[in-house]
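Have a look below at one chain only, the form predicted on its own, in structure tokens format.
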Amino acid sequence: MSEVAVSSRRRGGRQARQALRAAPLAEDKRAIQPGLESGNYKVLNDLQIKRIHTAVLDVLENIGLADAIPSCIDVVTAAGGVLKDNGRLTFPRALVEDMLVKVNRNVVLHGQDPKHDMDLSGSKIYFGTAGAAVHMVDAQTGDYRESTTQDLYDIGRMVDKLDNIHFFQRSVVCRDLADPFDMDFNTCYAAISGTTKHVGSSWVEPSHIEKSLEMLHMIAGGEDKWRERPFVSMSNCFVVPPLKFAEDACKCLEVAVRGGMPVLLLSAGQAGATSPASLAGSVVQEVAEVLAGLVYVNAIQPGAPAVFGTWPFVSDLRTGAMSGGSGEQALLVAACAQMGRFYDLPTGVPSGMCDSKIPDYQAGAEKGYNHAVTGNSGTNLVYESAGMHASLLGMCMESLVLDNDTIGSVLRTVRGIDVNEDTLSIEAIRQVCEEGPGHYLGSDQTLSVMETEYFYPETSDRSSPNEWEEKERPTSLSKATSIVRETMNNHFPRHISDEMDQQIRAKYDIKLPRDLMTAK
């Protein structure tokens, strides 16, 4: 074949590939999608899992938890728990095993739009945000400023447009709101206004969650419709490690369970500080605390939707500071995810809480190896996976976009390699070697799998140095900045109608002005 013909064929193949990529692809045909089956990475072997489980039952039966509120003591002891003379509430092995039979293993976290529903059965995996950052990070200058209600709404809008961030849990604190009720209620309002994906939030007083439920009933079309498809879940730190109940959080927990709201049962011990420094011991305490919460929830209402939220954190033992981006963090999370799979529970863990203060090499590395390990660990939900810096103290909009690409690449590793008669490619090899040009560029098989087998990060640059120069040397950060700017200028969700929003504002004190939720 002449050089001109070869060049023409290459151009034709490139044009064909570009045309194929420009065409929309059905969700189920994409290389990655929500709810892929995870679990190929196992940091614990079967014997280690059983030893941890035995230790967990020992801790629950013989040590138990302190500071249980009276209503917790009533429901747990009625189910078979024991209040010891020292005031600690213990959980006999038989009680724990009985409750593990009763738990809801088929939890669905609903979106306001059903296309975003997340089925948590088995080891289906989804990535989302979370955290309580008190600062927003300027990606260009590295400056930190206090986060606001407007920031929370804007983060929701950004998440709404990012395919690989599947749910939006409150990620910043509304520092512009001093009153606790205003903060709780307006946090819920801003989050559900920003996205049609499932939303997670938290509350500090039972009355705050009760008022929020009233608003959610209005949006859902009534309490019955809310209970059919609850699109908001509660993140609940019901324990104060080590092994103590948190009074106010437990009161909120009971309101949420009875109100039909799914609950993330969250234990956040920090190894070397509020949980044992040994990684295995930290896992034991985390699992024991969350199983106690699971017994508590099911004693209130058997089968109530709850997520096994083991959120272990790591201390830098030289300083005592949290190290959210460490390799030890990845190991702890993976082990807790394996325990969730051992119990066959809907499981949520954190990942992506990098120690770096800005979107730089350190941030990318820390998020990359943590996500790769966590994503393949068998968990259902990965919280705090996008946008976070400084071990959860800072949130960066551009990092949401960058992390969306990282998560996409990690999901591709979760999916693995399809091996079947077509993908083994014997006929394609024969055609290229015996009949074709000696390469696979532009071949029928290449065109057919380029979108179904491959993921293409939006912010990465794979061009040659010359092409990169011609494009004025774009960086991942500059591309992310452009995506954020375009989204902030143009994407203003209206799934909550103007009429409904007016009804909400007439009844409640909404702090976010409507004109800031509308394109200029």
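Keep in mind the model is a prediction, meaning the values are calculated, not measured. Quick note: we count residues from 1 along the sequence shown, nothing fancier.
What comes next is about the form predicted together with another copy of the chain, which is not displayed.
**OP:** Decide yes or no: are G111, F245 and N490 jointly within 4.5 Å of another copy of the chain in the predicted complex, with each residue judged by its heavy atoms?
**Re:** No.
Original post:
Though another copy of the chain is not shown, can you say which of V373, M118, L216, A249 has a heavy atom within 4.5 Å of it in the predicted complex?
Top reply: Among V373, M118, L216, A249, a heavy atom within 4.5 Å of another copy of the chain in the predicted complex occurs only for V373.
**OP:** Only one of V82, L279, V204, A132 comes within 4.5 Å of another copy of the chain in the predicted complex by heavy atoms, so just point that one out.
**Re:** The option sitting close enough to the partner is L279.
Original post:
Does another copy of the chain get within 4.5 angstroms of any non-hydrogen atom of G303 in the predicted complex?
Top reply: Heavy-atom contact with another copy of the chain at 4.5 Å: absent for G303.
Original post:
Is there a non-hydrogen atom of Y144 within 4.5 angstroms of a non-hydrogen atom of another copy of the chain in the predicted complex?
Top reply: Yes, Y144 lies within 4.5 Å of another copy of the chain in the predicted complex.
**OP:** Although another copy of the chain is absent from this view, report whether K124 comes within 4.5 Å of it in the predicted complex, heavy atoms only.
**Re:** No.
Original post:
Might R494 be said to contact another copy of the chain in the predicted complex, defining contact as any heavy atom within 4.5 Å?
Top reply: Heavy-atom contact with another copy of the chain at 4.5 Å: absent for R494.
Original post:
Of these, 225-233, 150-158, 254-262, 423-431, which stretch puts a heavy atom within 4.5 angstroms of another copy of the chain in the predicted complex?
Top reply: Among the candidates, contact is made by 423-431.
**OP:** Scan 69-99 and write down, in order along the chain, each residue with a heavy atom lying within 4.5 Å of another copy of the chain in the predicted complex.
**Re:** Sequence-ordered list: K84, N86, R88.
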